[in-house]
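Take a look at this single chain in structure tokens; it is the form predicted alone.
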Amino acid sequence: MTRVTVENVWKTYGRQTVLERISFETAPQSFISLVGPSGCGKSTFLRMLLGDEAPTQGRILVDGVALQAEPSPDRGVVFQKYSVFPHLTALQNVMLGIELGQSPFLGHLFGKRRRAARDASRAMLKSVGLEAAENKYPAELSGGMQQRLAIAQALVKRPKLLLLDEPFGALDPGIRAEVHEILLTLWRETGMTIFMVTHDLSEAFKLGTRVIAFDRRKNRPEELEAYGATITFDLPVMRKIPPPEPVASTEAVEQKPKIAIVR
């Protein structure tokens, strides 16, 4: 379970302010959907969470500890463009993260460690429905299968944070819905915290437990350089919790569905 705290984060490039006064805190196992118009800094913020960029001002904490200023195994990422290696099979793609983590110079494991990495990778492929495709190359997989492979790559090392940058934008609606369900199942099983950038509001509310919008409050031409985007709304998502099982009794007991705010 991972809690993220964002304290007065600003991001500027020279004289250009991209983000300003970004502050919020997440509950453990949150699924945060980040929305807003193009160019408002959503992907920049995601890169700061990844460690590719550092805040110009302010700080980001994970479980009370300042975020490392470089990518690390506790953060997985999936992009819109399938981030898989075309020369490796599905199994080799997933194993690579484990091998590079345990053997950064050779990028290859041997003996028991290699068998353990292979078993873990096969289990992850099974969890995304690709167990029958472990020996196939990405070119032999559909778009939806390649994105599931990218998710398996990101999750095989059990990150605390999963960062998604418009990961479903290139998928047709049927495949997108299928991958949505796989992702939600993995999120519930692992307890990780997810940040997802999306332009699709229906997707944001379907998947997220919280929807945060970035936008500029000042848009006059003379203000565009000096002022950046900030949080314009922050909404918890209401979800229905299934009613409890009927209590065994001689009398009928009315069970009403409950409404709860999920992180």
Partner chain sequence: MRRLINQRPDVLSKLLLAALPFFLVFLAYALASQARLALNPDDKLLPGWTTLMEAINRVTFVPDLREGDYLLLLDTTVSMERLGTGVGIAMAIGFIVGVLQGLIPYIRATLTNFTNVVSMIPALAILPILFITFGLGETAKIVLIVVGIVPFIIRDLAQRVEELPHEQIIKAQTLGASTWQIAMRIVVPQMLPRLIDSVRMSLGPAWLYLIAAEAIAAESGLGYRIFLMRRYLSMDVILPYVAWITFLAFSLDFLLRALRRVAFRWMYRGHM
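Numbering follows the first chain given and starts at 1. Model, not experiment: these values are computed from the prediction.
There is also a form predicted in complex with the partner chain; it is not shown, and the following applies to it.
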Proximity to the partner chain in the predicted complex (heavy atom, within 4.5 Å), stretch among 107 to 115, 189 to 197, 123 to 131, 176 to 184:
107 to 115
Whether Lys81, Leu88 and Gln153 jointly form a contact site for the partner chain in the predicted complex is the question; each needs a heavy atom within 4.5 Å.
yes
Any of the heavy atoms of Leu50 lying within 4.5 Å of the partner chain in the predicted complex?
yes
Within 4.5 Å, heavy atoms only: does Lys160 come near the partner chain in the predicted complex?
no
So in the predicted complex, does any heavy atom of Glu99 sit within 4.5 Å of the partner chain?
yes
Heavy atoms within 4.5 Å of the partner chain in the predicted complex: does Pro71 have any?
yes
